[in-house]
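Shown below, as structure tokens, is a lone chain in the form predicted alone; questions about how it binds or moves come after it.
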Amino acid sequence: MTAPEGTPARGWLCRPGFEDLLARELAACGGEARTVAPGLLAGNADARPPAGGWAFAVADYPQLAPFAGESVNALGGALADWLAEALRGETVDAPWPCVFTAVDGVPGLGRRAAAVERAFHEKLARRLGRVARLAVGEAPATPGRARGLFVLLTGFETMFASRDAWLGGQRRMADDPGAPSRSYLKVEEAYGLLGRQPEPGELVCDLGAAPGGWTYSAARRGARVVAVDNGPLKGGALDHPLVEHLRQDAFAFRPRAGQAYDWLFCDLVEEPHHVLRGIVEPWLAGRWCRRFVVVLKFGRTDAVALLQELRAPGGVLAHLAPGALVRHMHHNRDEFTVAGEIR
């Protein structure tokens, strides 16, 4: 078992196919990186993350240590040795994330990662049994910094490992047969960004609700929903006792005088600036909601330029919702999820 040539480098993980956009986001923040595997970029440590974290990065690893080995046991054993040495003088007395993943696009690499993980745990258990028993095989659901072990296989004989990571909060969500559309998964994933979800008795406005995936998501949690859309609701959102369906235009809808919603939902197939000017800005400026989850489509616009607009010091988010997060989530396509609270 040997390490590939080169020293540990800073690395970033994103959805495969979005490497160029992540590289441009990093460059705008003083960094330089190149693609080394599908979804994985490596580069210098100069990139300073914006407030709220990266949009396109699923993870930011301060140091990725490279490994190479011809067999599962060689990879798993050397990783256990490396971790044991790194833990010298460090006390582990609480559960810690121990996450093994594989880059997309390589058939069978996911199974290889699982086999390396088993080999690693077997050797770690022999060397550091108590530490091994405290390992948790999932990353934290909420965004932020985490310390543990994060392993990424890039080939059958190559992998990288890091003790630390900044995690963006993206994660795959489970489907629900009652949801009328797969867009339901986008709002379910977004709750993790805010660290909370609609609660019983709260009031939600869902602009552009049809066919009702987001409306269903809130109503199934006991929240009351005003679903605004000229189109029909379907599935679990149709005729739900907590849902009021208003057949109106989402851009023209306004709350009653003095009314404030606990949540604003919006996932419209519209040009992003039209949504920003027509919905986000008036709703935030009027303080018509307390929290918001909005999807902005960037398929026909410059995604990085849009990102810079959203992060601009004089923009509506910085002024009225300074903690708002902008992410390219697991269930997003060519779009950002923007989630935050109005202060």
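In this text, all values refer to a predicted model and were calculated from it rather than measured experimentally. Don't overthink the numbering: it's just position in the shown sequence, from 1.
One more form of this protein should be noted, the form predicted together with a small molecule, which is absent from this view; the next part is about it.
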- Of the candidate stretches 164 to 172, 132 to 140, 113 to 121, 221 to 229, the one with residues having heavy atoms within 4.5 Å of the small molecule in the predicted complex is 221 to 229
- Task: Report yes if any heavy atom of G208 sits within 4.5 Å of a heavy atom of the small molecule in the predicted complex; otherwise report no.
- Result: yes
- Please check if S71 has a heavy atom lying within 4.5 Å of any heavy atom of the small molecule in the predicted complex. no
- Spell out, yes or no, whether the shortest heavy atom distance between F100 and the small molecule in the predicted complex is within 4.5 Å. no
- E189: touches the small molecule in the predicted complex, heavy atom cutoff 4.5 angstroms: no
- Query: Which one of D104, E157, D249, D81 is close to the small molecule in the predicted complex, taking close to mean a heavy atom within 4.5 Å?
  - Reply: D249
